[in-house]
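A single chain, nothing else alongside it, follows as C-alpha cells in the form predicted on its own.
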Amino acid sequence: MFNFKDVYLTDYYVVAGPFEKESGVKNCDLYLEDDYYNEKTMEKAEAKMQKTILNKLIDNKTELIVGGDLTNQLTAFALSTMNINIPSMGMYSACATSASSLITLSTFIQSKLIKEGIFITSSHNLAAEKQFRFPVEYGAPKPARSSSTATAAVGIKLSKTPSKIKIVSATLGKTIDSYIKDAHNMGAVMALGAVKTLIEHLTITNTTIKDYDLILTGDLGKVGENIFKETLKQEYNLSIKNHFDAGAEFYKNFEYAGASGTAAQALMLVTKYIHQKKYKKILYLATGSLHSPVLVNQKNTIPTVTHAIYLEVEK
C-alpha cells in the first residue's frame, strides 16, 4: 500500500486510430487517418504515436519518462524516447502497465527525487495482434469472447504542482494463476486478479465499494466484467453498481467482448470519466493478462496481475 501526499495529474494528451474514431471513441486530441501514420511498419507507427505525445507534453521541468507498450522488448517506448535526453524507465505489466508506471512515477515525486514526470503507453492493433495471435491480414477468425487490441496512445503528466486531480494512494497487486490457457479469453484470465486486488485494497484501506463514486477496471470486456461481478457476489457477497469496465465501454456496437491494450483504460479515464461531475472518488483497477506466445504455445495457464490507484477529482 502506497499513500501519496502531493502528486497531481496536471496534463495529458491522447492519440487514437481511425477505427477508434469510427467506433465512437471520443475526446481524443488526435485521430490517425490511417493505421500506419505515414510510416513503413506498424511498430514505427506506434512509436510515432508515443513520440507525438511526448513532443506535446515535455517541457523544461520534465525530469523522467516512465511507461511501456505491448511490443517485444518495449519497441515503441524505446524508439519514442531515443535521443530525447531525458531519463526514461520502461515497464511491462501487460495491460496493467498504466497503473504500474503511474505508481512508479508517483513514488519518485512523493519521495522528492523529482518534481515532474511523464507516463506514456500505447498499443497498436496490427502490431499486437501479429505478436500475440495472428497477423490481421491473415483473416483468422476470432471467437466472440475475444477482445480487439485498441490502436491508441496516452501520455499523462504528473507533478507536485497542485491541480484538480490528485493521486491519493495505490495498492500493488500480486501475480496469480488464472487457471485458464485460452489467450482469446483475456477477460476471464484477468477477472480473478481484479477481484483479488479490489478486496485487498478495500481491506487495507478499511473502505467499502460504496466509498467510491466509480470503480473502473481495465479491459475485462463484457465476458470478464460479468465474471468479475459474479465472483464478487458469490465469494464475497458484494454487489457492485458503481462499476464500469473500460474495455467493455470502449467500442460501440462491437461484435467481440470489447477493447484491450495498455492504452485503453488510461484513455477512457482521461477522456471520459474524470470529466463527469458525479465521479469525484475514482478507484482505477488496471488489469493485465501476462501471457506470451511461449506460454500459450507450451499450453501453460496464464498469469494475471491487477494494480489499483485511488484518485480524487475536484469538480
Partner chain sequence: MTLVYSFLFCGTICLIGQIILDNTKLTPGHVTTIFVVLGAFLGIFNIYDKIVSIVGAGANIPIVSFGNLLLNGTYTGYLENGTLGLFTGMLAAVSAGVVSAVVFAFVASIFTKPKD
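Numbering follows the first chain given and starts at 1. Fair warning: this is a prediction, and the values are worked out from it, not measured in the lab.
The form predicted in complex with its partner chain is left out here; the points below concern that form.
Chemist: Though its partner chain is not shown, can you say which of L290, C28, M42, V270 has a heavy atom within 4.5 Å of it in the model of the complex?
Modeler: The option sitting close enough to the partner is M42.
Chemist: Which one, A183, L202, L126, I109, lies within 4.5 Å of its partner chain in the model of the complex by heavy atoms?
Modeler: Checked against the cut-off, the match is L126.
Chemist: Residue-level contact is defined here as any heavy atom of the residue lying within 4.5 Å of its partner chain in the model of the complex; does V136 satisfy this criterion?
Modeler: Contact check for V136: yes, within 4.5 Å of its partner chain in the model of the complex.
Chemist: According to a 4.5 angstroms non-hydrogen atom cut-off, is E249 in contact with its partner chain in the model of the complex?
Modeler: Looking in the model of the complex, residue contacts with its partner chain do not include E249, since no heavy atom lies within 4.5 Å.
Chemist: Is P162 part of the interface with its partner chain in the model of the complex - any heavy atom within 4.5 Å?
Modeler: No - in the model of the complex, heavy atoms of P162 and its partner chain never come within 4.5 Å of each other.
Chemist: If we define contact as a non-hydrogen atom of the residue within 4.5 angstroms of the partner, is Y36 a contact of its partner chain in the model of the complex?
Modeler: It does: once its partner chain is placed as it appears in the model of the complex, Y36 has a heavy atom within 4.5 Å of it.
Chemist: Please name which of the stretches 57-65, 259-267, 28-36, 272-280 has residues with heavy atoms lying within 4.5 Å of its partner chain in the model of the complex.
Modeler: Selected range: 28-36.
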